[in-house]
Each structure stands twice: as structure tokens, then as C-alpha cells.
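What follows is one chain in C-alpha cells, specifically the form predicted alone.
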């Protein structure tokens, strides 16, 4: 069936509800009507003019055969073209392709003319490093893939593209190493992505509830990063990466909890220092979650085990406080949470001033007014600061801290111990795509202890971790 350029133009515009940003330009090519359609805001006008419009309007050589073939093979030979029917071409138009409609042609020619206007590649705010690469992902899927391709020059890297969202038609890329990743895990992840039925995917976090095995659980089950070197390091261990157009956050699967105790800086520092830092991070997690609850339990039930001099200090500072220790701690926690939320949403420079002045003035005023005691403020402040040793887990820690406070107020230290046992037992039952959530401690994997709390040197870590489901038949030296 031959194309009538003007009728096809009307049909496409009608399907797109005659949107004002759909532009078209009619030109002549050896007495044939040619209509060029594009969306102005997402099309590179200079590229369009240099590679499509000018070559068509300035072509002066004699054509004796098929004019459509000449247009495709000679005039527009400098760009990559696709030959599509009307419906397929309309979809391409929405993805920044330019359409070339020609009277009498069997198909519509399309060419990618996307105008890429993205945030400059910079160090991401949530993955700052002292040493190591400082490049971070931005909101362009093409740029993010380029950052990975620049680091990986092998045919072993597989990039599988999908399109999700009935209205947004967001581009998704699934990345993995063919010889490293477990094919069953890859197939399971891709199948879950293909089954997603949603109007739009605005950010990669829209995919999390579809991919995680326990969508209603408090605990994080999918890794995320904004840095290509971290994503690549995880892929070298057998994980699958997921990049989403429009967001700098890459997802990784499978995920185990130890990943958040590690940092990309760890692999650029001395092993002894890194080991010490990881121990401090673990201690920080315990302080963040349990310290306020333990403080409440000690004040209410177990004050006899507190050293006498410290007990006297606490008694002197808490004398006259009208609230119970539990209410006092919860009041201070709420105060800090409100300050945090206000600081997060205020203009940058005003937020800095507000957080410092607000914390000092409100804290000091509350103490002087006899509403809270200095030890309570110190305990909650220390707990709040240690949250951000592992910022990606701050939300989970906040909920666990509140539960620990309630348990400590009701059951004392024994309740705190039962709470810890319950959480560990619950996490031990987690399975993240055939990878134990608490590996390599539960189950204990001796070979993976080289990169758990202690970090061995790179040349000592010869095999990929067995904590992660990967291709066991191809255990080459890993890098990270």
C-alpha cells in the first residue's frame, strides 16, 4: 500500500490529539510531496536540518529510478533509518524520532533525532568518596549506558532493553555479564519486569515492589547505587543491574544486607583501616537502633546495674522531669525528626541555619524548661547521628529504634534481647533470589569472610563470593 503523505500526517496528528508540539514541514523532492514530522521540544533542530531537511532540499543529481529508494539510500544515507508502518512510526515519534513521509512510498522513514539535555556528570551526593572514581549516573539512560560501556570492553556484557509503562513507555535496561550471572536469576528478573502492568514508571523505585520477594517487609531487599564503578563491581560478583531512563538510581539484584556495611572507599584504602571502619559501622548500627531502648530499660527496670557515679548524675538531671523515660525519649525523637523533615524541605542555605539553630535552641530550651534531661538529648542525638553511617538504611533504622524503645519500656533488657533474636531470626528466613540475606554469616561461608568485616587485599580475593547466586562454573578473579 502506497502512502499519501498528507493523509498519513493527519492520521498521526489525530492519534496524538493534535498536540501543539507536533511540528511538520512540507518539502518537495523531484515533484514528490515529502512531509517531515517531529516533536520540537525533544528534537535536535540542528541535527534535523543538517541531516534531513538540507540534504532533501539541496539534492540536485538526476534520479531515473525509484525516488523512494533514492531518498533512502542516497539522500539520507548519512543517518541510521528505519522503515516502519504508521502505528510503529507514531510510537517512534514519541521517542524523539523524526518521520519522513513521502507520497507513493511503501513505508515511513524514521531517524533518531533526540536532543539530549541532561544534568552534567558529577559526583552523586549520596555516594561521596575520598578516593576512587567520582563519576555518577545522571537522568539519561544513554549516558548511563555509555559510562558502563566505557569501563567494559568485552562481548560478555549483555544489555537487554525493555519498555514499561502504558503511558510513559519508559526505557529500561537490564545489564549482566553472560558468563558470570546465573541465567535462572536473570530470566526470573526479566520475567517479573515484563509482567509489570502500570501506567507510568517515573523512577527506578517504582520497580522495587514488583521485584522484591517480600513487598510488605520493612527491610530493604534490592540494592541501589548512583555510581557506575559500584554497579560494575556488583555485576562482576554475579548481580544483575537495572537502569531506568529518567533517574540516576541503578538497582542491583540479588541483595544481601552486608552490601550496605561496605563502601566503595573500602576498596581504595588499606585493609587494616577498612576492617576497623567496618567494625565501627556495625557498632554504629547497634547504637542507632538499640541505644535509646537500652537507656529506657536501664532507667525503668535495671538502674541497679548502672555505675553509681553515673546513676547519681542521671538522678540529678532527671529530677523534676514530668515525663516517664519512655515519653521523654519519644518526645526528643519526635523533635529531631521534625527538625530533620523541616531541614530537608527548606531552601539549602536557610535549611543549614535552621537545623543548627533549631537543634541548639530547642534542645537547650527543652532542658532548661525541665521537659527533658541532658542525658536523653545526648542519647537520642547520638542515635540520630549514627543513622547516617549507613544512609540507605536510615528509614528502616528509624522504625526499628521506635520498636526497640517500646519493647525496652515494656519488657526491659530481656525484651531488647528478644527483639534482637526475633529480628535476626526473621532476617535469616529472607531469600533474595537464591542468596541468603545474612550471608556470609548465616549461613557461614568461610571463603567470603575475606570481604565481610575484615577486608583482605585484592590479590587474595581470587574467587567471586558464594554468598551471591552466580555462575559457579566460572569463578574467575573478581575486581571491585
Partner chain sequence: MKKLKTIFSPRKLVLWLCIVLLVFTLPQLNAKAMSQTEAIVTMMFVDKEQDTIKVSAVVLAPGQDRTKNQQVYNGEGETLSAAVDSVSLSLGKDMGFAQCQIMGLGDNICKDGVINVLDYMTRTKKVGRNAGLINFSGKIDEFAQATADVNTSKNLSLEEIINFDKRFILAKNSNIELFYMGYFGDTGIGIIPKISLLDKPYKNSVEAGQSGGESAGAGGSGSGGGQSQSKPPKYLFYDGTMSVFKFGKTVNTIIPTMVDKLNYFVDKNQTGSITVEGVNDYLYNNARVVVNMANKKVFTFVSFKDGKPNLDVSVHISVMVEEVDEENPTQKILRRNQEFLTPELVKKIKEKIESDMHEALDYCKQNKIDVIGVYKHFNAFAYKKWKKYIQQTGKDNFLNDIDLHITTLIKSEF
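Everything numeric here is computed off the predicted structure, so don't read it as measured data. Numbering follows the first chain given and starts at 1.
There is another form of this protein, the form predicted in complex with its partner chain, and it is not shown here; the text below is about that form.
Of the stretches 160-168, 321-329, 74-82, 233-241, only 321-329 has residues with a heavy atom within 4.5 Å of its partner chain in the model of the complex. Highlighted residues 194, 196 and 207: none comes within 4.5 Å of its partner chain in the model of the complex, counting any heavy atom. Contact with its partner chain in the model of the complex, defined as a heavy atom within 4.5 Å, holds for exactly one of 392, 275, 217, 313, namely 313. When its partner chain is considered in the model of the complex, only one residue from 268, 143, 301, 340 comes within 4.5 Å through any heavy atom, namely 301. None of the heavy atoms of residue 222 is located within 4.5 Å of its partner chain in the model of the complex.
Not displayed here, its partner chain is kept clear of residue 344 by more than 4.5 Å at the level of heavy atoms in the model of the complex. Within this chain, residue 409 lines the site of its partner chain in the model of the complex, having a heavy atom no more than 4.5 Å away. Among heavy atoms of residue 306, some come within 4.5 Å of its partner chain in the model of the complex. For the partner-free chain shown, just 422 of 416-444 comes within 4.5 angstroms of its partner chain in the model of the complex, judged by any non-hydrogen atom.
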